[in-house]
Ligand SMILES: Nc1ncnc2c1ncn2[C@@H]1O[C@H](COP(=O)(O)OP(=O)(O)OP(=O)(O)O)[C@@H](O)[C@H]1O
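For reference, the chain that follows is the form predicted alone, supplied as structure tokens.
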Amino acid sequence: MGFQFIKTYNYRNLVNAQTNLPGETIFLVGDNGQGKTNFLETVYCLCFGAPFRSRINSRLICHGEKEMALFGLLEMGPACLNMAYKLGEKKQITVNDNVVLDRKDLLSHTPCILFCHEDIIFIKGSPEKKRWFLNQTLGLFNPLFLDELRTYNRILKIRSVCLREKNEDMLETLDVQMVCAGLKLMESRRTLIKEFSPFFGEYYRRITGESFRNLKIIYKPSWPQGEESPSSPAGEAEKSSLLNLLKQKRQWDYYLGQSSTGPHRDNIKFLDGGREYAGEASTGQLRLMSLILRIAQAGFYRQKTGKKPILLLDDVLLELDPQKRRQFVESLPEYDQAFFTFLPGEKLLETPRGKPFILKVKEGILKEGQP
């Protein structure tokens, strides 16, 4: 369910215009700084209700203006998506003129998957960045997980306040809530990795041709975990063990003013035959691996929901040799629409999805062009 067109009004450097988007594959061609990424971000904003760069709403507005708006019409539904923001007011998101109160509700319309250079942080970055990828992958097909995550984060925030105030009585209650909510997150993440790891490994072997590699993703929780469900007797024992752990960490948590252990400190590792792959791979290998991670995310979403996502690929193919580029494109899962950005003179892709629609981008203006 791709977009028929998108209208922009005072959005970053893009001119106020309607851009028609016929076809499944869209190529945006232009020099750096002309508006290619800004246009990709309009698609992302309409799909998720927020940009993928700065979270500061005022930066979305064209310099010198006081308001902005985006409007997109999907091919099927019909679904009219709108995002508007005025300085000093709350951002408003609507679907078919109905106000969206929770951005997670947008996921039922047309999620998109973004491929960008910064994705390499999911492989070699901090545990926080890796958790973000896990949470996003889960949230794409399981909105209930987002509620579980919000519940845990709310408890965690209150617990930090109580730690700074040394409120012992309140901490006893919060520890129970934290353990119950945290175990749900751990179970969701553990189940995801169990299903997603072989999925990712198969894509990696398909694209790289390195069939001898036993590449897999391992979940590394902050809390010790048992194999039994928390609802079983063994699970009750696990809860008791974790409550004791939180008590043991209490003095250290007082000193830090925050919780030193819990699912908010979980991590994942990429192992190749038992060795951590990120520590030995070259930058080129890590970048390719991050692209494959996104392909696996899109394919996993397709498998879980039966829906086809929109793909946004922002200058991510420049460093791939011709063979890897071809294997990458051939491995892309089914999509409703895909947007690729290219520099002028860069060899364009031959896609298996028919002739692409080409937009030349210059100084915020998008015009239909030729290869």
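The model shown is predicted, which means the values in this text are computed figures rather than measured ones. Position 1 is the first residue in the sequence shown; the rest follow in order.
Omitted here: the form predicted in complex with the named molecule. The next part is about that form.
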Query raised in the report: Picking from 60-68, 324-332, 42-50, 299-307, which part of the chain touches the named molecule in the model of the complex when contact means heavy atoms within 4.5 Å?
Result: 60-68
**Report entry** Contact of Asp336 with the named molecule in the model of the complex (heavy atom, 4.5 Å)
**Finding:** no
Query raised in the report: Quick one: is Glu319 in contact with the named molecule in the model of the complex, heavy atoms, 4.5 Å cut-off?
Result: no
Report task. Could you confirm whether Ser54 comes within 4.5 Å of the named molecule in the model of the complex, counting heavy atoms only? Result -> no
**Report entry** Contact test in the model of the complex: Gly345 vs the named molecule, heavy atoms, 4.5 Å
**Finding:** no
Query - Heavy atom within 4.5 Å of the named molecule in the model of the complex - qualifying residues of 9-39 - result: Arg12, Asn13, Asp31, Asn32, Gly33, Gln34, Gly35, Lys36, Thr37, Asn38
